[in-house]
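Next up, structure tokens for two forms of one chain, structure 1 and then structure 2.
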Structure 1
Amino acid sequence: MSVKQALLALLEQGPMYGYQLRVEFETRTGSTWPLNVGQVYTTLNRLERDGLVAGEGVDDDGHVVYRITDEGRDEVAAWFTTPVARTQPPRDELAIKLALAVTVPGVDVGTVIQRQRTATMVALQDYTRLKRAGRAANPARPDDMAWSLVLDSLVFVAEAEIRWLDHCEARLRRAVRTAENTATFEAGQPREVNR
């Protein structure tokens, strides 16, 4: 995940200190991709080194406040106008697990698929409950809307996973049927020849 660009984008709203940035980030994205404060400060240090943010000094409570620089603004603009790269898909444990399950002997792929589908469905039900209740249900403010859209993203990803599992199950079942038919056909061959 692009912590760097996300923090820069938040600083477009106005100067903030590290803890504030973390809170603002999580208001929009829930605790889906938790940021620890340490990570925020390390990133801010790097951004300052690269001239994308500048320290504004210390506020009354002793927090170091950062503001975005012009170079930082350019970086944010570039981020928003460039599509997220899809050339290298993130490692997908489930796809890898299934790829191995169909090839390693002795694994009941049907059960692997069924268990995963139930687990993913439970997660999907949880996301949907979050959508029905709380901030996401009636997104009045922009950051409620942001959170609601993030939930939608989780929903669509889980749904895609379930569709893919259904698809795998159907394909594997068809492959088994085809194999059985082929076996019957081949078993029938010699008799044909003998006639």
Structure 2
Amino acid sequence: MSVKQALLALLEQGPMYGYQLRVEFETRTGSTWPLNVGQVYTTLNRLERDGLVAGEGVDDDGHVVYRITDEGRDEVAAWFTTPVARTQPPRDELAIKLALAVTVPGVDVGTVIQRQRTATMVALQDYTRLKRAGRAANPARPDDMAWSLVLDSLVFVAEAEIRWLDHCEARLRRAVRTAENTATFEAGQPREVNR
């Protein structure tokens, strides 16, 4: 996730201070990816250093208010019109866990898959309930639509994860059967025929 571009996009709507940006980001994404306010201010400092935002002064409560610069607007426009690259996939903890589970002796990979499938099914049910109720069900405002789209993404990712876990389980079963058949054949015993 690009916090930098997200903050710039929010600043296009008008000057804000860090906490306001955090609240706006979380409102629009349904708090799916919470931001630490320290991360927001660190990012704002970098954006200011790079000439993409400028401090506009201090409000009555002592907060430094930031505004986007022309260079920042160009950066946001480029971000919105550039596809998200898939050349460097993000780290996927579940894929890493399963890759290691099949290579570490003593790990019951079937149990790992089953527990994850159960947890993902629960998450999918929760996302589906959220889609059918509240502001996501009938998005009347732009931030309601934003939350609804985030929920759609979470539903699709959970569904894909369940399909992938089913695929992993089937592949592992086939691999076990193949290994058993090979061991039986190499021991000189009649080979079992898979039907």
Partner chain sequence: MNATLHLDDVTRVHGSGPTEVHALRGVSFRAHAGELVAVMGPSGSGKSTLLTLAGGLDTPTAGRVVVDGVDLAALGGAGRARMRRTSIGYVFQDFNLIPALTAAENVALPRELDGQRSRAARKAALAVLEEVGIPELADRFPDEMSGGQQQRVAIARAVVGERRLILADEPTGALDTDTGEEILRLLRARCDAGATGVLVTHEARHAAWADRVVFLRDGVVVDESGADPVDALLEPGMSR
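Heads up, when I say rigid core I mean the largest set of C-alphas that superpose within 1.5 Å between the two forms. Quick caveat: nothing in here was measured; it's all calculated off a predicted structure. Numbering runs along the sequence of structure 1, starting at 1.
- Only structure 1 is derived from the form predicted in complex with the partner chain.
- Hinge angle between structure 1 and structure 2, smaller rigid part versus larger, from C-alpha superposition: 12 degrees.
- Taking the core as reference, the C-alpha deviation of residue 96 between structure 1 and structure 2 is 3.2 Å.
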